[in-house]
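This document opens with one chain alone, in structure tokens, the form predicted on its own.
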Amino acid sequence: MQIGLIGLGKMGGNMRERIRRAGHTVVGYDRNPDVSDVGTLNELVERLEGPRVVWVMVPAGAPTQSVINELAGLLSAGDTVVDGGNSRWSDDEKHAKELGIKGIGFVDAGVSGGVWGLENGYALMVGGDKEHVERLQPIFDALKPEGPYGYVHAGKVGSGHFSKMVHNGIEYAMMQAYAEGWELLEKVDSVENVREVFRSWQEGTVIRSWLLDLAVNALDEDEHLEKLRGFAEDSGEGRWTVEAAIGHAVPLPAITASLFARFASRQDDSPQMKMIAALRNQFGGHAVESAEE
């Protein structure tokens, strides 16, 4: 299968490679000419045979809207656009309508896997009409992890990104719990090897997880996280999760508290946020701030 991929950053670049390894043709475009296969979006579209499929992996909001607008003028009826970035689900409904007027299909794909996705595969939560989703199945199969899990057609347009948003909200709460436990263990005199306590939880406990594995990786690199500043950004999806919960009158005390804890981290040097920052760097390659800054 042939596909265009726009945005070749930490996620997009690895996705291009994984799709190619599965035997498909990928024409990639990025503003960085060092990683781009073509010089312009117009050239990308011209390189693809119709009906075309173009996957967008750029930041949510204005950058995604700009690309959608440009593609609307370049693509033809019968083509399909996939937004695989972290867009807000309500934007998906808008984009589907805008493209649909021109006969262009739209699919939203929540993508999880971070910098590990190239080797491990990407969990995919997909929203859109059945005909558009089925057309993309070979690409989804190339990206997903091996085995029966890691892919779902969640429902209508917007459902993929809504599902990924909730996934990220849960991720916030899980990271916060590990961080709080780590800080408490570090605080008491009786526990002399906090890193090995975390390592002992990796087998046979009900709290074992990939996030726990990544926490151990971070502690192996910096046992007491002394090199990090206790500051953690939020991607926006945690806020959207809380906003959606308010709109639907669904109580989310753990997720909401974890979001507010990140806000608090920007007011002082929080020990818990050192672990949050370390985990975000481990799974997503997100930037961290040095304790020396």
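When you see a residue number, it is the position in the sequence shown, counting from 1. Basically, rigid core = biggest C-alpha set you can superpose within 1.5 Å across the two forms. Keep in mind that what you see is a predicted model, and the values were worked out from it rather than measured.
There is also a form predicted together with a further copy of the same chain; it is not shown, and the following applies to it.
Colleague: Which one of these stretches, 243-251, 44-52, 66-74, 24-32, sits within 4.5 Å of a further copy of the same chain in the model of the complex when only heavy atoms are counted?
Modeller: Of the options, only 243-251 has residues within 4.5 Å of the partner.
Colleague: Looking at a further copy of the same chain in the model of the complex, is some heavy atom of each of Q202, G230 and K274 within 4.5 Å of it?
Modeller: Verified in the model of the complex; spot residues all in contact, yes.
Colleague: Please check if E180 has a heavy atom lying within 4.5 Å of any heavy atom of a further copy of the same chain in the model of the complex.
Modeller: Answer yes; at least one heavy atom of E180 falls within 4.5 Å of a further copy of the same chain in the model of the complex.
Colleague: At the 4.5 Å heavy atom threshold, is E196 in contact with a further copy of the same chain in the model of the complex?
Modeller: Yes.
Colleague: So, in the model of the complex, is A261 in contact with a further copy of the same chain at a 4.5 angstroms heavy atom limit?
Modeller: Residue-level check for A261: yes, a contact with a further copy of the same chain.
Colleague: Although the partner isn't part of this model, could you tell me whether S36 comes within 4.5 Å of a further copy of the same chain in the model of the complex, counting any heavy atom of the residue?
Modeller: It does not: once a further copy of the same chain is placed as it appears in the model of the complex, S36 has no heavy atom within 4.5 Å of it.
Colleague: What are the residues of 131-158, in order along the chain, with a heavy atom within 4.5 Å of a further copy of the same chain in the model of the complex?
Modeller: Counting only heavy atoms within 4.5 Å of a further copy of the same chain in the model of the complex, the contacting residues of 131-158 are P145, E146, Y149, G150, Y151, V152, H153, A154, G155, K156, V157, G158.
Colleague: On a core-based superposition, does N14 travel 2 Å or more at its Cα between the shown form and the other one?
Modeller: Comparing forms between the shown form and the other one, the N14 CA shifts below 2 Å.
Colleague: Does D268 show a Cα shift reaching 2 Å between the shown form and the other one after rigid-core superposition?
Modeller: Comparing forms between the shown form and the other one, the D268 CA shifts at least 2 Å.
Colleague: Comparing against this form, do M275 and M125 have their CA atoms pulled together or pushed apart in the model of the complex? The difference is 3 Å or more.
Modeller: Farther: M275 and M125 separate by 3 Å or more in the model of the complex.
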